[in-house]
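Presented below, as structure tokens, is a lone chain in the form predicted alone.
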Amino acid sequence: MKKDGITLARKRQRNTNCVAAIFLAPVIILLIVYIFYPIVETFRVSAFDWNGISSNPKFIGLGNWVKLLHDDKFWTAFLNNVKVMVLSILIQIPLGIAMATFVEFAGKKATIFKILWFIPMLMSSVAIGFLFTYALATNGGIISSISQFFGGTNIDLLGNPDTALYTVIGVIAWQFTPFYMVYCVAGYTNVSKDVYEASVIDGANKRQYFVHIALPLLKPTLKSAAILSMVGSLKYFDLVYVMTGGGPSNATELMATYMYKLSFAQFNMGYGSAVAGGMFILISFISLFTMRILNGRKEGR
């Protein structure tokens, strides 16, 4: 009887595994085709001197990687990515939590603000890039027009190497801060209303409730938001490419824009793949390091 029970349990487990495999197979196939294979192929192509078109790529081994290590333009692009990452986190997440706190405390009265503030997220990054390119133009742009109204001169924010990157970061923050607002609003739903009511009974005002109760409870949400902002900033491409193309004088060049130019403008697919591989390694390392710092070591390890 016991033997029959074990056999039946094994059959059920085997059937469960088969069903699980059937349902997981499409996902696994998609991951292999669209994620794992492109990563492996990128590293393979980086070992060749190839224009992406010819049928006889020249194998050069680690030549592209040695060149990458000494490529000042790539490391400048990496530092620009780091600036975008740090400033995006410092701007977007505090503004997002402030906006979320406002709509949380205001209740239904803040519905109109939710709609208005979320509009930038509904727009294409390319459309936003063109919009701000014209809005910040030296001649006829909003900033230049205001400056001229007060008797000043034209102001070229995107054409000045000292201000171009920070201007682009401001536009990025304008577009993506609403995402972190919604993310933090979702975080507030995990904070029980009973906690707020108890704090009010104990005499706490809204500022004290936010600082001493809500903010500590939102820490997991803010950690996740910081990681999302960091990863997104390190691989950013479209808005920057539309607004400045990486200029002026490489002031806004990012790793993704540099990789795109090498691969699809200069047709240096081998070295472009090495740059893409370098991006993958750096982003993975920074992401894992940041997650380790934010989450800390697990107990008992």
Partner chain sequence: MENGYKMTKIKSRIAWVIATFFAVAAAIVAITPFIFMVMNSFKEKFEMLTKGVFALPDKLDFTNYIEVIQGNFFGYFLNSVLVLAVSLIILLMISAFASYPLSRFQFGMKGLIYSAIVACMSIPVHITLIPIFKMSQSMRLYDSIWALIGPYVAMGIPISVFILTSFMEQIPKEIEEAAAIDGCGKVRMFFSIILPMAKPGLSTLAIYNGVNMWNEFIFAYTLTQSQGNRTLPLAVWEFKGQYSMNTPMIMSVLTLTVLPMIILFVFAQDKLIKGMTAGAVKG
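Numbering follows the first chain given and starts at 1. Superpose the two forms; the largest set of C-alphas matching within 1.5 Å is the rigid core. No experiment lies behind these values; they were computed from the predicted model shown.
In what follows, reference is made to the form predicted in complex with its partner chain, a form of this protein that is not presented.
Among the residues Val211, Leu79, Leu116, Ile146, the one placing a heavy atom within 4.5 Å of its partner chain in the predicted bound form is Leu116. Here is the short version: of Val86, Leu215, Ala135, Ala198, the single residue with a heavy atom within 4.5 Å of its partner chain in the predicted bound form is Ala135. Its partner chain is not shown here, but in the predicted bound form it comes within 4.5 Å of a heavy atom of Phe237.
Put simply, Ile293 is far from its partner chain in the predicted bound form: not one heavy atom of it is within 4.5 Å. In the predicted bound form, at least one heavy atom of Phe102 sits within 4.5 Å of its partner chain.
Its partner chain in the predicted bound form is approached by Ser124, whose closest heavy atom lies within 4.5 angstroms of it. In the predicted bound form, its partner chain lies within 4.5 angstroms of at least one heavy atom of each of the following residues of 251 to 276: Met259, Tyr260, Phe264, Met269, Ala276, in sequence order. After superposition on the rigid core, displacement of the C-alpha of Asn80 between the shown form and the other one stays below 2 Å.
Ile115 is not among the residues whose C-alpha shifts by 2 Å or more between the shown form and the other one once the rigid core is aligned; its shift stays under 2 Å.
Relative to the superposed core, Ala127 shifts its CA atom by 2 Å or more between the shown form and the other one.
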